[in-house]
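As C-alpha cells, one chain now follows by itself in the form predicted on its own.
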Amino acid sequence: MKLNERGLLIVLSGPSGVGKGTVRKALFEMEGHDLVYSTSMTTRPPREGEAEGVDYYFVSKEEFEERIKNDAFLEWAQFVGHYYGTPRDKVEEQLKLGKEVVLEIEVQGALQVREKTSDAVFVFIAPPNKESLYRRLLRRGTESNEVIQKRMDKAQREFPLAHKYDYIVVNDEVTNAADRILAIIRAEHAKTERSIHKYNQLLEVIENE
C-alpha cells in the first residue's frame, strides 16, 4: 500500500536569470521520480514546431478571459499583449494520478499560487550572490544593458520575498541544486501530515491479519 497516492505540486521560482529552467531540466533528467512539467496556457499563436498540449495549450483571448472570470488559473499574467497562465484543472488531473507536477514560474506567479493552494511545495532558487546573477544575465547576450539593469532591479525587490517560500536552494552548481530539490520532494512525501491517513489504514490491515 502506498502511503501517498496524491502527487505533489512543486513550485520552482526565483529572479530572472537565476537558472530556473536549467535546474528544472537537470531535475527531470535525474532518476527516481515521477515528475511532469506543468504546461501553461496562452493566447499567443503557436510558433513553428510548437505542439498543442506539449509546449502550451493555445486558446483564444475570449476563452482565457472567461477562465479568469471563473478562477480557473492557479496563476496568470499578461506579457506583450498576450495572456499566460497555469490552468488549475490540468494540474489537478496530474496530481490525482499521483504525479509530481512542477511549475517553473516567476516570483509574482508563485505568490499567486501560494494564495490559492494549501499543500504545494515552494522552492526559491537563489543565486550564490548578486554578481553571479548579473554575469548570468550578461552571458545571455540577448538584452541591452538597460534591460539587464531593470532585471537586476526587479531581482533586488524579489530577494526579500524568499521568506514566503518553504525552501531556499542556492544554484551554485546546477546538478547540486537539482539534487537538493529531489531530496526536498522525497522528504515532503514522508511528512506525517501527507501520509498519516494511509498509514492508519495500513495499521488496520496489519491488526486484522
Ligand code: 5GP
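All residue numbers are counted from 1 along the displayed sequence. Just so it is clear, the structure is predicted and the values come from calculations on it, not from any experiment.
Quick note: we don't show the form predicted in complex with the named molecule, though the next part is all about it.
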Next item on the list: May I ask whether P128, F159 and D172 each come within 4.5 Å of the named molecule in the predicted complex, counting any non-hydrogen atom?
Entry: no
Margin query: At 4.5 Å between heavy atoms, only one of the stretches 69-77, 93-101, 128-136, 115-123 reaches the named molecule in the predicted complex; which one is it?
Written below: 69-77
Notebook entry, point to check: Does any heavy atom of Y56 come within 4.5 Å of a heavy atom of the named molecule in the predicted complex?
Noted result: yes
Item checked: Distance check, R47 to the named molecule in the predicted complex, heavy atom within 4.5 Å -> yes
Item checked: Contact test in the predicted complex: R140 vs the named molecule, heavy atoms, 4.5 Å -> yes
Notebook entry, point to check: Heavy atom to heavy atom, is R151 within 4.5 Å of the named molecule in the predicted complex?
Noted result: yes
Note to self: Using a 4.5 Å heavy atom cutoff, which residues in 91-115 contact the named molecule in the predicted complex? It's fine if the answer is none.
What the structure shows: E104, I105, E106, G109
